[in-house]
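Heads up, the chain below is alone and in the form predicted alone; it's given as structure tokens.
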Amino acid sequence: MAHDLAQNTVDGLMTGSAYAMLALGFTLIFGVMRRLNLSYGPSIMIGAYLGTLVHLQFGMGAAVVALVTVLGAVAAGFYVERLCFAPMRGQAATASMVASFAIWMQLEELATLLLPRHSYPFPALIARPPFEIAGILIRADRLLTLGAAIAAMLALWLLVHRSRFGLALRATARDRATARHLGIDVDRIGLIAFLGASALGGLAGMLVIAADQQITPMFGMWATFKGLVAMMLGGLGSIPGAVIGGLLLGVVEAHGQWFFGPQLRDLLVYALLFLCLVLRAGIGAGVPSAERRI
């Protein structure tokens, strides 16, 4: 029993590291722009489909496919930002969110037009069997994802808190009007944050799909859902919280599936999310966590 608990915990942390990277992208957008981008997952999916297309048509290896996937996600993110967020910076957040949902449908349709079958193969980054440490089986590709998530969190934290660009980023997140009066190009800051979030998402998506070695049209919805839930578990707008939320989500899913089966796993996640939101609202004494800044 103890061995199973340890194995499930390790598996959950490995899977949760991908959720953490998705949540970091959501956090970067929300922390700066105070907007939710529902096209986040589909943008990543477009990058993955472009990488798959390059792999199938030209026989490119994993390194080139990975690069195309990340760049494709950034290009799709730029498209979303220009259409849904740049024209509506001074308007209600709901307008941008609804517009991004419409683009979600558009990107999914584009992906299915590019590659109409339900699933396609995606090259693995690391083709080696799992190895064992103290009786615990560890997949090398999942370990790579965990390392990438930790590196991404540290790099993002250093960028935000130890650089001039990070100072401008935090000023924009705190008060856009004041930042603009101080000479900060808040529109440019928002665009860079958006593209950085898309790059993070593209990296996370590429690692997940390379581990599974296949891509389906459902990936966009999956990535959006996992990233949102992980961000909300960790606290909106918090960089360390996004990582903690992603790891927690992975561990809860792993143990939930082991004890209750896949049918009740997601129900357990929803219950945990509801509990966290209720407790956070009570502890906040009327100051919602959505007001936190990066």
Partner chain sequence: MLDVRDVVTAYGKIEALKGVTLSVAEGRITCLLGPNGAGKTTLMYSIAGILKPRRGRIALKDREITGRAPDQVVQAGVALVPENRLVFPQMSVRENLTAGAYLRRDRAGIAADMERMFQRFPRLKEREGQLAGTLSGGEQQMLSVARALMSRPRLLLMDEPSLGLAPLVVEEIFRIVTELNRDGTTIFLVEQNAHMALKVAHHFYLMEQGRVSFSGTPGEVEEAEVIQRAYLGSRRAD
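Numbering follows the first chain given and starts at 1. From a predicted model like this one, the values you see are computed outputs, not experimental measurements.
Beyond the structure shown, there is the form predicted in complex with its partner chain, which is absent from this document and is the topic of what follows.
Between 207-215, 124-132, 148-156, 179-187, the stretch whose residues reach within 4.5 angstroms of its partner chain in the predicted complex through a non-hydrogen atom is 179-187. The closest heavy atom approach of L167 to its partner chain in the predicted complex falls within 4.5 Å.
A171 belongs to the set of residues with a heavy atom inside 4.5 Å of its partner chain in the predicted complex.
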